[in-house]
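Below sits a lone chain in structure tokens, taken as the form predicted on its own.
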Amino acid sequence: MSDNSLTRSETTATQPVPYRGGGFSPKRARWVAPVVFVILITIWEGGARLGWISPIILPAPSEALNALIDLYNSGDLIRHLSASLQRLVGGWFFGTLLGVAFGVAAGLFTLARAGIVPLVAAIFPIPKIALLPLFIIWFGIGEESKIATILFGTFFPTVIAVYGGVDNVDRGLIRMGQSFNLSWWSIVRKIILPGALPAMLSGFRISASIAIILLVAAEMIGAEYGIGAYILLAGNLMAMDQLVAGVTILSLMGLTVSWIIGRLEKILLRWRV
């Protein structure tokens, strides 16, 4: 072998190898979502102004914005939004709290799992809005029936998410904790709950979306104030600009909930690389 070949081989052998074990870490592209929204709204507005989209079918975004401004100036926006948020927060909070408790119990205890999992599998497929008349009979036409509908609807997906997260925690980590003579509570607090937290937060996203859907459906039945009642009235009056404004409020509520849960993920899941 010639000296030049040896030199090239030595140079190749001493070159640093790029690190490829960074894991799955998607890059942030915060500008993409605003650009997509701007493009869609621009196409929508242009199509409405050029007459390609009938205002009877779908009004222009500017008309919906004017309806939203009028709703705010009249003071009804605060009334509708505050009523909806009270029902949403109350129903989702208590439904999630009970769902976490039952999901953790099903994941940790054999008897609880044997009783809870089949019950959840039997009741979860039932459309919860179909039970609203039953809740009205039980709790009346007031706030209790609406909150109960949201609570009942968010409870079951939370149980499933929490139970799945607890059940899928790496058994090797649990055995390691046992080999270090950690107590049962320490294993639950330091290994099982942190390991199940990503699945739990994903379940919170799903249950929050379900809560908003059930909120609108419940408010369309016997509610004077609320975003669902506002959308129902706008639909009955064929006021499409007001209807789109109401749907926009619901979309903003969903984005806000998603942002809050995203912040929680960044705070609570810092340990995950």
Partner chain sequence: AAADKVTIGALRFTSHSPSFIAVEKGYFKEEGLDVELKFFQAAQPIAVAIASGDIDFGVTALSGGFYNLADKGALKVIGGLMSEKKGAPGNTIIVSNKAYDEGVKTPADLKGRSWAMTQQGSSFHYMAGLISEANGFTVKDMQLKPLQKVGAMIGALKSGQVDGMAIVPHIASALARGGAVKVIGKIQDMTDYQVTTIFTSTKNTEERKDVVQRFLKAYSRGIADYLAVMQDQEKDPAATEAMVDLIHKYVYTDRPREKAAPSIKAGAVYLNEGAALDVKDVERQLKWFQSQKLAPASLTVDKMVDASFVETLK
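Positions refer to the first chain, counted from 1. Note that the structure is a prediction, hence the values are computed from the model and not measured.
Not pictured, yet referred to below: the form predicted together with its partner chain.
**Q** Exactly one of Ala101, Ile78, Ile137, Val89 has a non-hydrogen atom within 4.5 Å of its partner chain in the model of the complex; which residue is it?
**A** If I apply the 4.5 Å criterion carefully, the residue I get is Ile137.
**Q** Decide yes or no: are Ala148, Thr154 and Val159 jointly within 4.5 Å of its partner chain in the model of the complex, with each residue judged by its heavy atoms?
**A** No, the candidate spot makes no contact with its partner chain.
**Q** Would you please decide whether Leu232 lies within 4.5 angstroms of its partner chain in the model of the complex, comparing each non-hydrogen atom pair?
**A** Looking in the model of the complex, residue contacts with its partner chain include Leu232, since a heavy atom lies within 4.5 Å.
**Q** Please check if Ala223 has a heavy atom lying within 4.5 Å of any heavy atom of its partner chain in the model of the complex.
**A** Residue-level check for Ala223: yes, a contact with its partner chain.
**Q** So in the model of the complex, does any heavy atom of Ile141 sit within 4.5 Å of its partner chain?
**A** Although its partner chain is absent here, Ile141 would touch it in the model of the complex, with heavy atoms inside 4.5 Å.
**Q** Considering only heavy atoms, tell me if Gln242 and its partner chain come within 4.5 Å of each other in the model of the complex.
**A** The answer is yes: Gln242 has a heavy atom within 4.5 Å of its partner chain.
**Q** Can you name the residues of 58-72 that have a heavy atom within 4.5 Å of its partner chain in the model of the complex?
**A** Not one residue comes within 4.5 Å of the partner.
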